[in-house]
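Heads up, the chain below is alone and in the form predicted alone; it's given as structure tokens.
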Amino acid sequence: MHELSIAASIVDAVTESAAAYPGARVKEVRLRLGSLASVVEDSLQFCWGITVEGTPLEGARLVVKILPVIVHCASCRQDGELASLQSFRCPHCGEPCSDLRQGRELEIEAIEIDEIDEVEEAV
């Protein structure tokens, strides 16, 4: 299950980024995941729950946005979303396509944090 190492890498990257905001709590991590990234979202969510335990990200949600496969057709020169991963044919003209424009992503899109109020710090 490579989702565990992916989740651990995300936790490491977000922890490193969040270190720039001392005292802040990470609420949510938003991830862009392409349909061809070979990652099972349910497994990733399960592994996320395991990897955040005992870290500064404990309690943070992982929000995954699944991106469709977009190809560029050399014949009709249009971009289009594949209707099925079983056939890499242009959705406009039907010609075979191999120029992928989207679908392999595995990117942290955003990190949402709650900053601790100065009032809480004084208490």
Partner chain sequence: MTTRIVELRRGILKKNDELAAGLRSRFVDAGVLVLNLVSSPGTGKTAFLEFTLRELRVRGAKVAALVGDLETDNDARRLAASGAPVRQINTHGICHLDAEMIDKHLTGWEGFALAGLDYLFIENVGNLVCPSSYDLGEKIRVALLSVTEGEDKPLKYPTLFNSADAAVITKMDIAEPCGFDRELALKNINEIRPGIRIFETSAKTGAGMEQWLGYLAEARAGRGA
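Numbering follows the first chain given and starts at 1. Not measured: the values here are computed from a predicted model.
Unshown form predicted in complex with its partner chain; subsequent notes refer to it.
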R89, heavy atom within 4.5 angstroms of its partner chain in the predicted bound form
yes
Residue contact check: R101 to its partner chain in the predicted bound form, 4.5 Å heavy atom
no
How about A83 - does it come within 4.5 Å of its partner chain in the predicted bound form, if we only consider non-hydrogen atoms?
no
Is there a non-hydrogen atom of P68 within 4.5 angstroms of a non-hydrogen atom of its partner chain in the predicted bound form?
no
What residues of 18-40, in sequence order, lie within 4.5 Å of its partner chain in the predicted bound form by heavy atom?
Y21, K27, R30, L31, R32, L33, L36, A37, S38
